[in-house]
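We begin with a single chain expressed as structure tokens, specifically the form predicted alone.
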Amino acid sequence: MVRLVRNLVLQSSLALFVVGTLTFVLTKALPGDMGYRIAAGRYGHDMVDTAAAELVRQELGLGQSSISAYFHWLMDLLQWNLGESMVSGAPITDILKHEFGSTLTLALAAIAIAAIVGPTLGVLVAFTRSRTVDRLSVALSVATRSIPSYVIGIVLIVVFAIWLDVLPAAGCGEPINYVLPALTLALPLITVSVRITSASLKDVMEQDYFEFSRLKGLGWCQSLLRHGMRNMSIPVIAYHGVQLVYLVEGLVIVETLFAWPGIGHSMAHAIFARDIPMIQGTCMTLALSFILLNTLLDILYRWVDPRERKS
């Protein structure tokens, strides 16, 4: 446990430094006048002129060198001061505290849907032993993994919010508001999880220990619960750990598409407004969330597989 906590602290510190530095460099490399962009974010595009942009440059010190600005940011980061938004002037930590809850609940809803529906359908696919069902699951997993998340979201909005008019296309606060954005994030995870689970279960069912449990008189479900479930879960957990990066990527697109008030939505607006402290804060928060979720999956993986605990 001590080694796990030490690795978590080291990974988090390294992620904060690398993500913050890359974000700073890439944001500085973006084309366009930063003073105009920030002034447009404050006053609106129709109210911006040269004088307003110059006032913003002087107020925020945009004329200083990039190296000087970077070291100021680095010193502030060592004191866990993420700075203030260049557009609203609010502390970045206060904005993230307010918006992170919405992002976290949406991500957990998507993970819960994928973790329940994917393995369940995978077990049914393996149990039916039907080639048609197997080929259909392959086609669906390839299709949903190949289609960008914003296309899946638009299709769901058109079908369920416009044609059928049974689910809202935007909004936050009610359980029904989670359905479409969480489903958009979960669908690619579900379809590929079905493939991983069915392939893993078929492999388990061909093992001698599984056949022996059936010879002892155990039913199929009893053999699966006692001897197959844990072995089948190992590749499924490993797969979900790898796929978390797609979940983090999808949050930015899905929150923007469904007007979800999370940090992904704020990051998209901050990029357009060239709000560097806000971009750095949201990127570092997403990176830390990814590391934390991966650590939790590592703990679960070690609990499921005794060989990992011994190693």
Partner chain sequence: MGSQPALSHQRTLVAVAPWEIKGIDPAKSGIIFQRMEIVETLTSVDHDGNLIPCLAESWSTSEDGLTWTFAIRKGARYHDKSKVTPQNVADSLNISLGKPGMLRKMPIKSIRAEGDNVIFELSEACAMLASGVAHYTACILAPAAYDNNGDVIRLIATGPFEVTRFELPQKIKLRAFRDYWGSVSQIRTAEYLAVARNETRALMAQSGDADIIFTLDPVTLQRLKRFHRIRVSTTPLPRTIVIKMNCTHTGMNTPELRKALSKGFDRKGIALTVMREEQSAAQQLFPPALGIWHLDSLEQPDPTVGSYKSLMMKQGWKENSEGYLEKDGSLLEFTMTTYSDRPELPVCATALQDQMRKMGIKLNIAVSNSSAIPQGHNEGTLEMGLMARNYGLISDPLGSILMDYAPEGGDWGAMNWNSPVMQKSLAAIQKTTTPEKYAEHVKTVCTILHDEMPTIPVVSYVHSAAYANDIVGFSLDSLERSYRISEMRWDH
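Positions refer to the first chain, counted from 1. A quick note: this is a predicted structure, and the numbers were derived from the prediction, not measured.
There is another form of the same protein, the form predicted together with the partner chain; it is not shown, and what comes next is about it.
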ask   = Quick one: does residue 139 come within 4.5 Å of the partner chain in the predicted bound form, counting heavy atoms only?
value = no
* Could you tell me if residue 88 has a non-hydrogen atom within 4.5 Å of the partner chain in the predicted bound form? -> yes
### Task
Answer with yes or no whether residue 269 is in contact with the partner chain in the predicted bound form, where contact means some heavy atom within 4.5 Å.
yes
Give a yes/no on whether residue 55 approaches the partner chain to within 4.5 Å in the predicted bound form, heavy atoms considered. yes
Among 115, 161, 229, 143, just one has a heavy atom within 4.5 Å of the partner chain in the predicted bound form, namely 161
Answer among 211 to 219, 185 to 193, 125 to 133, 80 to 88 for heavy atoms within 4.5 Å of the partner chain in the predicted bound form: the stretch 80 to 88
Restricting to 260 to 293, the residues within 4.5 Å of the partner chain in the predicted bound form through any heavy atom are 260, 261, 265, 269, 274
